[in-house]
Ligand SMILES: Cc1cc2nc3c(=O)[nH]c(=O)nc-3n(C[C@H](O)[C@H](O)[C@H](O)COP(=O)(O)OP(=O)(O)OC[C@H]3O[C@@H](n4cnc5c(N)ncnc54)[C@H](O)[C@@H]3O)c2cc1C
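One chain follows as structure tokens, the form predicted alone.
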């Protein structure tokens, strides 16, 4: 069980429906921003729609976001232009502009609060100055009215940044609650606590649930961060990234949405609350399962915040996972070998509140036989050599981890299994022959698993901040007892055999 709770998810559970029927026009898998907006759009058109979520509404990426609704997205636009044509980059901006406009209209229409703020991509030092300047130039080239500002009126070091006025920030769980309410009022169904574990190739209009039941639908939308069906090999085209956030009581947080251009990343924004203004600090991102101690990442973020905002009083700590594509663009559309009935959306690169809504708008149109104006350039993109190199890098890193795991397995089989018991909150991996076994002590109880990911067999790492087993290959995560939390995996971890077996 994760020990961290986001500022947004520290609330009562959103009311949902009791159970699923056997048949629908459209079945949406995943109750984050993409799944809920897609469901609402389809329900409004008169279709019989259901959303099925393995955990709770907003339990994964959406409920752990920093809540920025911005067209200025760190250094994303300049990176897209390195890999794509200007026409494709313009289509990306158009998609995000449409997603942002739809989301804020929805908030206006349904009383969901948000705050208008300038967004800034800033350089913390001279090393990051070029990247921030490049983003400013790219944004203006793509039609965004950014300005370069040398002094951002913040207490931490910087050498200027690109600023885009009139962007927005919000509590994503407020949005989710309003979306669920509207879906149900439109006759749709939202059910939590049921995991989709697969769908047969011969019948893409059917999904299998973890309780043995089957649900049939004319269309299935996989709004699960990364698709839980491997037919398009999307897990090999995106990189799972984990990042961290802290909330603090502070009397005067900057009323800017800031994101640094360099590394380590620093994200800063304010948030109103009934107890007074809050400061949100984020960053310390890394590939899932490869970043070392996750507690150390949170401590580094705390240290930075206390250095520049003395007296800040921490209220919440959390972490989020998202998927970055090799070419900087999301993948939205029909799943290969889904016979035109299975749809996916992935690769938002930590900007899901605009990209996720844009994906939903596109998916709903595709199900109705239409296309968003920006969809064609994005779907027909041709990756430049730099993008192809990035795809090679992603999969080379996965290969190195697999080779390293095999080498460690051979060495461990000669030495024998590890004998040390974990301390409280710790997880260790030993081996019995070639099978890695993980043991974690949580709340005084020893939890034992076969530490091989149930997706493609990666050797798992222990996440000491969230007390989970994380896969360094494609980002699947599991509880200490081996139940699935997120990622492409859909089945729990195996339990070790007893010594006599």
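Positions refer to the first chain, counted from 1. In this text the structure is predicted, and so the values were computed from the model without any measurement.
Note that the form predicted in complex with the ligand isn't included here; everything after this is about it.
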Name the residue from 330, 289, 352, 427 that puts a heavy atom within 4.5 Å of the ligand in the predicted complex. 352
Would you kindly say which of 453, 29, 440, 42 lies with a heavy atom within 4.5 Å of the ligand in the predicted complex? 29
Which one, 67-75, 335-343, 180-188, 298-306, holds residues whose non-hydrogen atoms are within 4.5 Å of the ligand in the predicted complex? 67-75
Mind checking whether each of 53, 56 and 228 has a heavy atom within 4.5 Å of the ligand in the predicted complex? yes
Look up in the predicted complex whether residue 239 has a non-hydrogen atom within 4.5 angstroms of the ligand, and give yes or no. no
Does residue 479 reach the ligand in the predicted complex, with heavy atoms at most 4.5 Å apart? no
Is there a non-hydrogen atom of residue 321 within 4.5 angstroms of a non-hydrogen atom of the ligand in the predicted complex? yes
Might residue 196 be said to contact the ligand in the predicted complex, defining contact as any heavy atom within 4.5 Å? yes
